[in-house]
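Just one chain is shown here, as structure tokens, and it is the form predicted alone.
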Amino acid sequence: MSDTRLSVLKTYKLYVGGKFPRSESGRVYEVSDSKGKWLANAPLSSRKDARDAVVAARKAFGGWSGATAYNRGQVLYRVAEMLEGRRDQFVREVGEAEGLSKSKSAAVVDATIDRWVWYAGWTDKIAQVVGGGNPVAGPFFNLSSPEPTGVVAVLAPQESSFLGLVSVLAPVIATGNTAIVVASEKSPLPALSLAEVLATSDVPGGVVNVLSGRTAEIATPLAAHQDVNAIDLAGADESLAKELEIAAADNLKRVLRPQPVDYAETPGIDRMTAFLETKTVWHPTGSLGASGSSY
């Protein structure tokens, strides 16, 4: 037997509805490392791929938002376990994508896994922070509780291909939304590999959908789509963000504008509350006698 063998090159695909299709258009584009060396061909998503992702995200929304917060936390923690198991792969991919040494890339991957665990822990706690009982004048209980906005389009950061990606995706799904992720245009491979982890975890198909390609080409139909409820513009430049905001106004989408972020810092809860809505319920307490309330 010859000692020389040909390597089996990986075919990267989109992730839509729990499956791995090629782009409907059949197009791909070359992905290179920080030094210009070819790494892989990534799918070049079309408007049709974006629409298919919206359909998948909407279909998955009822089951995911209806799951208990505790269950969502357990599902997300399982993703962190699987990320840990594929740590070496992500260290290599992130290092190639961002031009980092192995040690620096390893630190980024470790921080990313920790970030995922951090958000997994918030699933059943965020309601205690942003919800609660409200004092009212009258014999009523008045309770406010957070609910997910719905289908959220997420433009992943262009420079932070893995830590930034998880920092914008995890809070969206931790709070019960479903997501369509537009991966970093120049460094999409960590996002496409994350999709493989999601597919083999307990996250239901359609909860996260991952598209790669030209950010502007994919984001424009998502911003204008009538069945997308919100959009995070983290990966858009100033001119594109302005165009997408205008398109998003047509059906009153929630818009999270791009802003300077150090993804290495503790993120806080702003990205979770950005895609939550507050439901307030009034309920009669019963008769109020001289001796106090009776329920």
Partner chain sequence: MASVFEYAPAPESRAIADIAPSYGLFIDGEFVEAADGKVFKTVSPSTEEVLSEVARAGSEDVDRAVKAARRAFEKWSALPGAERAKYLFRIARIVQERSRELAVLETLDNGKPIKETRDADLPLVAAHFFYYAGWADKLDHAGYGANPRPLGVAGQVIPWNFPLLMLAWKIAPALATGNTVVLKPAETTPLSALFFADICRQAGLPKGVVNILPGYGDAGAALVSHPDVNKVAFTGSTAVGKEIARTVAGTRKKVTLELGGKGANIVFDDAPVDQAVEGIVNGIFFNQGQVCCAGSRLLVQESIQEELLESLKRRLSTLRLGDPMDKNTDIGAINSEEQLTRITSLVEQGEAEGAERWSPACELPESGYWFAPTLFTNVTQAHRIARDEIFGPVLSVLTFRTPDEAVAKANNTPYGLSAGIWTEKGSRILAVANKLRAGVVWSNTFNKFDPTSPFGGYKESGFGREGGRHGLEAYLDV
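The structure displayed is predicted, hence computed values, not measured ones. Numbering follows the first chain given and starts at 1.
Only in words, not in the display: the form predicted together with the partner chain, which the text now covers.
Note on the partner interface in the model of the complex: the residue among 148, 213, 206, 164 having a heavy atom within 4.5 angstroms of the partner chain is 148. Contact annotation: of the candidates 59, 27, 47, 254, the single residue with a non-hydrogen atom within 4.5 angstroms of the partner chain in the model of the complex is 254. The closest heavy atom approach of residue 280 to the partner chain in the model of the complex falls within 4.5 Å. Residue contact check for residue 71: none of its heavy atoms lie within 4.5 Å of the partner chain in the model of the complex.
Residue contact check for residue 106: none of its heavy atoms lie within 4.5 Å of the partner chain in the model of the complex. The partner chain is not drawn, but in the model of the complex it has no heavy atom within 4.5 Å of residue 33. Heavy atoms within 4.5 Å of the partner chain in the model of the complex map, among the stretches 189-197, 156-164, 84-92, 135-143, onto 135-143 alone. The three residues 117, 201 and 218 each lack any heavy atom within 4.5 Å of the partner chain in the model of the complex.
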